[in-house]
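Take a look at this single chain, the form predicted on its own, given in structure tokens.
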């Protein structure tokens, strides 16, 4: 089954007109074009757990990556970007596609193309124009949204029958093409998100549990203005954390108090209580491995507790869990930065129930939970105490927004 079709009125008409104009400029006319979109996401809690097979709790947001495209009758991809910072990219589909330079946006297109080709064989290519309003390198998964949009365009163009879950797993594996040892959260929520809902996502196999977001809960997303591209400068840190988690688990499993049948983090948290795990970890591990394992298992517990708090409309507990998560990411996982810490403190001081960095860290965004009556005071405090005096591109609304839990990726029904 393809992801659900979205009526054209749900895609902003000025943006669609701009996409069509760009398509005509580069490819002559827009006859036969189709449109796919894939949203970014904000992870509410559960960071650096997905690549360890443990749950996460994100929601899709109203910002997305979109591709207006038309089928070609060869295996070539030709894509232009409406953002002039990103040069046109052109390549041939195949099982082994040579990469661009590290950090180049075209590698995310290549990642999708190579993954779909390997899974489904020879493909026809596309001509297309890409438009995105997810802030780049901000922790809101603009890169994975681009991978999903390109993958979905190829699936639609080649009439490939697949489920959202199958496509999410395929593209998560495919995105490792860029060199980062990532998990599968971003692709799963970009494809599986729903309006007014967050999702607990479990892995191996992929499973999504819908959780309605209470109508008077608002999650404010604030950019630190520090870029942390996972295919660029931050990649080595992310990959180091993945390696350290494996090393920590191996050393933990060698301890005589650990049952021999445990073979991964998922089995570990399913066999021993959190208290038992932490007691053994102190004996079996030294820092930094002790800190990495401690964050991983406590963050998984926070995901379960946070979903329960959302289901019972308990923002106080949810907020406390968010703030505890931030401290763990800062102190045990070492992926915060002064700017993210400042955003969290401003949010808490101005009335948010809780706040944390979101995404992989080292920059990007923070997310804060508010009730409807505290949204404006928190936004005002962030504007005044963080953004005034700082330089940023574009409008402030591109860096500070109230996130709306939104639908996942879709093929958009266009009028002729």
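Since the model is a prediction, treat every value here as computed from it, not as a measurement. Numbering follows the first chain given and starts at 1.
What follows is about the form predicted in complex with a small molecule, which we do not show.
In the model of the complex, at least one heavy atom of residue 184 sits within 4.5 Å of a heavy atom of the small molecule. Using a 4.5 angstroms limit between non-hydrogen atoms, residue 64 is distant from the small molecule in the model of the complex.
Proximity of residue 37 to the small molecule in the model of the complex falls outside the 4.5 Å heavy atom cutoff. The closest heavy atom approach of residue 359 to the small molecule in the model of the complex falls within 4.5 Å. Checked against the small molecule in the model of the complex, the candidates 238, 105, 177, 91 yield a single residue with a heavy atom inside 4.5 Å, and that residue is 238. Of the candidate stretches 308 to 316, 281 to 289, 184 to 192, 95 to 103, only 184 to 192 has residues with heavy atoms within 4.5 Å of the small molecule in the model of the complex.
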